[in-house]
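For reference, the chain that follows is the form predicted on its own, supplied as structure tokens.
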């Protein structure tokens, strides 16, 4: 069956982005990515993906805006509170046994999950021995994460999530209202590093005891999912933990045998000790 003109233009656009900007989206889920690129096409007033490709290649101001369509920036503090409660109640007791800890939040978006874990670890007395690495491919998201400023109208949801996650303090202890938003305490960033890292192109950068990569794998095709899980496996220390999104699973991964379910309902896995 012959490919449609749009399919050909779609693949050529992804190839152009890779060659011009070194961002590789070829392993992302086609249906989801094509839908978002159609939205971008409309936003930029382009008749076709080929027209959008021309803009991307010749107008340097276009790609930074296009990147917000290519990467899904949806997150919140203590998103899915039961996941964080499971980390607190089931994973933290194991983490306490390590003299020092490293945690990798892959696809950290604007930093909400990094700050959530920093708060959780402070409440559990583990902050001073922990480094948290928040990585993403979107520079604007990383800048927002570094700033730690969030809209005030999101705070009630964040507060309720924190409470439901088993929070041992008030979320208001960690931020002040300023600049028209909620500015989170700079001390929470003392043990956090935000940096660019691509699950599609980059390699392992540190040995960690916990990887949290939630609601990212669903945007990848099977081959890229396997690559990402392989990176997590290689970065985790013996008996380390991996948390993924509620609609994600390792069951069909090439690396499934390297993990065992730890908290099934919250999609938390533990790396087998013999791997």
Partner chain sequence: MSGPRVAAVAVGASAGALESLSVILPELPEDYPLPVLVVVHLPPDRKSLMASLLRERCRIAVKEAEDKERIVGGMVYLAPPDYHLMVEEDRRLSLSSEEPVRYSRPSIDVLFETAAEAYGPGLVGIVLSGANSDGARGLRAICDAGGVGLVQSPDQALASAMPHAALLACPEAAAMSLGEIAKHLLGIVGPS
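Keep in mind that this is a model prediction, so the values were computed, not measured. Positions refer to the first chain, counted from 1.
FYI, the form predicted together with the partner chain isn't displayed, but the following is about it.
The closest non-hydrogen atom of residue 36 lies within 4.5 Å of the partner chain in the predicted complex. Using a 4.5 Å cutoff between non-hydrogen atoms, residue 46 does not count as a contact of the partner chain in the predicted complex. Although the partner is absent here, residue 246 lies within 4.5 Å of the partner chain in the predicted complex, judged by heavy atoms.
Residue contact with the partner chain in the predicted complex: residue 257 places no heavy atom within 4.5 Å of it. Think of it this way: in the predicted complex, the partner chain has a heavy atom of just one of 201, 74, 193, 178 within 4.5 Å, and the residue is 74. Here is the short version: of 122, 197, 189, 79, the single residue with a heavy atom within 4.5 Å of the partner chain in the predicted complex is 79. From the list 27-35, 52-60, 231-239, 205-213, the contact stretch for the partner chain in the predicted complex under a 4.5 Å heavy atom rule is 27-35. Residues of 220-251 lying near the partner chain in the predicted complex, listed in sequence order, are 220, 221, 222, 225, 246, 247, 249, 251, the criterion being any heavy atom within 4.5 Å.
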